[in-house]
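Encoded as structure tokens, the following chain is the form predicted alone, with no partner shown.
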């Protein structure tokens, strides 16, 4: 058993011994209050330092866990992202110091795939590259350190507080991060926009509607030009104020370079469509989905789709330029995934095991571009402080793929 695995095992034993009854730790968080905004409940359920999902279930991601992400399917996802990063570096004139920062790096699988691909495709960039990770989950940090140990000092872990404003030259990347930010829930009820609050009724969670906890919620919709007077009574949706804070923080730290945000979501007109009456909140437990965040508290993931319109607009307010929004399927195909899929069919072999391996690989790659699944994710690409010449050059991932 490696030292990292030993630490992980005893870390979870500690959690098991110290796990409070779920109602007790919620009651403790409430304090003298009878209710808390849903956003606070979601933050507890996901990020409580002992009982939160990303502590108790941090390693349950992948085929045996609650859900899997694109990096779990194939290292070619990371290879395609590496090609885009190389493209960014070249457009920027191949700067000597180039920092790639991944925010919310999971178990470190994507980081390892990107680093390996860059080393193989563009060794020159590897010589100038620092790969930094911003991660709030201590258990995931342990997994990342174990998974990325072979890369030595190239990889480092940083906190937002230690990154100086306008100090980063390079690229920020996130994959399925923003959907996990705690969200406010609001309901249009009785001709008023109200907020969802959470409390306890004995040993059961209860919901109540109340006044908005912050004027930023109304301002959010005002900026989008949304008037709820024409919406049906009982219309429920989400507001991700944490995402707006995040993009502003990120833009503040970036001096020159790019931001790649990969996630599932919609433009604002689709997100806040009058027919989407129940919002987008989803929960994942053992590869099953449900819409009840009050089940399996601390043991199931809770997510909400991303409003890419607001993410782009708030980025513009912080001096980020939106270069394009494209679906993951088109992005990956433009970066060579189609060629890799075709090559699996063109190379002849009579070896049964090799044939089975290729079929499994091909099936995994098709999942990455499946329009009903991961292929329908979006990639928002933003930039900051590029020269006129640099801005005029098209990024490979935003070009029309040759084969699809």
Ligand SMILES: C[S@@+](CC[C@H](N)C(=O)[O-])C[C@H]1O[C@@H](n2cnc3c(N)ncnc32)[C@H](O)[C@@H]1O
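Keep in mind that what you see is a predicted model, and the values were worked out from it rather than measured. Residue numbers count along the first chain shown, from 1.
Keep in mind that the form predicted together with the ligand is missing from the display, and what follows is about it.
With the partner left out here, the ligand still marks one of 271-279, 121-129, 101-109, 83-91 in the model of the complex; by a 4.5 Å heavy atom cut-off that stretch is 101-109.
Contact here is defined as any heavy atom lying within 4.5 Å of the ligand in the model of the complex, and by that definition each of 72, 136 and 140 is a contact residue.
At the 4.5 Å threshold, heavy atoms of residue 238 stay clear of the ligand in the model of the complex, well away from it. Contact between residue 175 and the ligand in the model of the complex is found at the 4.5 Å heavy atom cutoff. Using a 4.5 angstroms limit between non-hydrogen atoms, residue 180 touches the ligand in the model of the complex. In the model of the complex, at least one heavy atom of residue 54 sits within 4.5 Å of the ligand.
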